[in-house]
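Next comes just one chain, in structure tokens: the form predicted on its own.
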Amino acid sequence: MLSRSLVLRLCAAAPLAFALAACSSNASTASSSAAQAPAGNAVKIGIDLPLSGADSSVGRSTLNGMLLAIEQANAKGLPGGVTLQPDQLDDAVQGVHSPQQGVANARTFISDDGVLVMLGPYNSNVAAAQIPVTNAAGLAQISASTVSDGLTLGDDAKNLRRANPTTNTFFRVSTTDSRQGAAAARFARQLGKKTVYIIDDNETYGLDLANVFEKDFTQLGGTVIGHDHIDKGTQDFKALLTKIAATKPDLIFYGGTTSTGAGLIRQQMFDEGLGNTAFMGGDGIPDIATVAGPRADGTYYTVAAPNADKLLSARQFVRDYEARFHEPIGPYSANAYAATQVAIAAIAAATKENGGKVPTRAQVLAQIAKTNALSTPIGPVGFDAGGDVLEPVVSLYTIKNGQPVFISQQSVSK
């Protein structure tokens, strides 16, 4: 349940066009577990992201991409006079994304008949906790950023869908850890790194990413000097970094997020004589400068998405985003816009099939599953049977003067 102060913070951050609608909705869900469906032909889109704490900068730039898509769709008009209403909830607790809060948010959306689709979450361990709940309820869920393989692949994915095993309700426009980790290893070797020490946060996303990176870095001729898992909540990494300094690696690779240790590790590397050692991670650390400050400079990180600034298909989106929010796009803003486009297109198609009336969740889910070559800022979007995007790309960035600088990108299709 959201506190009144958090509701007010979310309201303050919401775009003006939706301030009254979205924030009155969040206020009602904060005080009631059975919010009423919106009146008339209004349709709610539930949004679950980390909107406070260490992940908030990437959470909010992701949210902005979603809100822009909704605003533009409403301005253009939808079949049946349907209007879209965003309902965003924060899944961070005490500054860190929380699977438990993510599940609570998903249940809030499920209890509201007006919510026909859910966008998010940002983090893979939150998604792993939510999928059994949204799958059982038949609520479609589209993520812009989660990458853990087990969300869509193999026995892990099957276990998440035990309640409704024949129906997939989870989709994502980002690629998988196995592809991102492999791309990161290739990038590291292309940067000339021969030896690496790996650290991970022992969470779903971080552990998967680190393990794949280790395997592929080794296969590409690199040497892994060591691999350590850190305990949740660790603040002092002096002993670990002292041990790593003695091995003199070319690179320290971190599997995890800024909030689970990346920011503090990068900051403390300078205190242990590792300031000039390259530091690298995945798409959990684009906001590392919020913790490490100027010491974040020189960090490398991958993003499981193309660089929208370099895509012809994204030029109008970038202009619209910067005009609307007066800031550069975030690492997953374009992905978030694309994920929302998928949801909106599904709602529109289902409304038409339903004779112009507001469709059901099942009708919207069926349309999402049929998505194929939908034109978006990140290129044509479609999904395979497991809910994975068909044309994935991974990009490499570095941080310079506290800002992301694009280096290159790779197609990582099957």
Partner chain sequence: MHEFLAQLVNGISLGGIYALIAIGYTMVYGIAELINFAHGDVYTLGTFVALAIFGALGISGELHGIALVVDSGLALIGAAVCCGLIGMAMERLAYRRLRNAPRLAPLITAIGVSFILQNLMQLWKGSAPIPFPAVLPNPRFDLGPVSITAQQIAVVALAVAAMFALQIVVTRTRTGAAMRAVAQDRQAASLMGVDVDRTIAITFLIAGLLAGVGGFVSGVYYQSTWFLNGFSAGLKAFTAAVLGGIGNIAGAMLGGFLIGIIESFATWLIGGQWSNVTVFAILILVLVLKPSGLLGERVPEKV
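From a predicted model like this one, the values you see are computed outputs, not experimental measurements. The term rigid core refers to the maximal set of C-alpha atoms that superpose within 1.5 Å between the two forms. Positions refer to the first chain, counted from 1.
This protein has a second form, the form predicted in complex with the partner chain, left out of what is shown; the following refers to that one.
S.K.: Can you tell me whether A54 touches the partner chain? I mean in the model of the complex, with a 4.5 angstroms heavy atom cut-off.
M.R.: Contact with the partner chain, yes.
S.K.: Examine T242 and determine whether its closest non-hydrogen atom to the partner chain in the model of the complex is within 4.5 angstroms.
M.R.: Contact with the partner chain, yes.
S.K.: Using 4.5 Å between non-hydrogen atoms, is T258 touching the partner chain in the model of the complex?
M.R.: Taking the distances in the model of the complex, the answer for T258 is yes, it comes within 4.5 Å of the partner chain.
S.K.: Check whether D236 has any heavy atom within 4.5 Å of a heavy atom of the partner chain in the model of the complex, and answer yes or no.
M.R.: Contact check for D236: yes, within 4.5 Å of the partner chain in the model of the complex.
S.K.: State the residue from N202, S313, S178, N74 whose non-hydrogen atoms include one within 4.5 Å of the partner chain in the model of the complex.
M.R.: Of the listed residues, the single hit is N202.
S.K.: I need to confirm a contact call. Of L153, L78, V224, I230, which residue comes within 4.5 Å of the partner chain in the model of the complex, counting heavy atoms only?
M.R.: It is I230.
S.K.: Only one of 184 to 192, 333 to 341, 215 to 223, 289 to 297 gets a heavy atom within 4.5 Å of the partner chain in the model of the complex; which is it?
M.R.: Flagged stretch: 289 to 297.
S.K.: Honest question, do Q94, A246 and D271 all end up within 4.5 Å of the partner chain in the model of the complex by heavy atom distance?
M.R.: The answer is yes; Q94, A246 and D271 each reach the partner chain.
S.K.: Is Q235 displaced by at least 2 Å at its C-alpha between this form and the one not shown when the rigid core is overlaid?
M.R.: Result for Q235: yes, a 2 Å-plus shift.
S.K.: Once everything's superposed on the core, is E71 shifted 2 Å or more at the Cα between this form and the one not shown?
M.R.: Result for E71: no, shift under 2 Å.
S.K.: Assuming the CA distance changes by 3 angstroms or more, are T260 and G330 closer together or farther apart in the model of the complex compared with the shown structure?
M.R.: Between the C-alphas of G330 and T260, the gap narrows in the model of the complex (3 Å or more compared with this form).
S.K.: Looking in the model of the complex, are the Cα atoms of D287 and P328 closer together or farther apart than here, the change being 3 Å or more?
M.R.: Distance between the C-alphas of D287 and P328: shorter in the model of the complex, by 3 Å or more.
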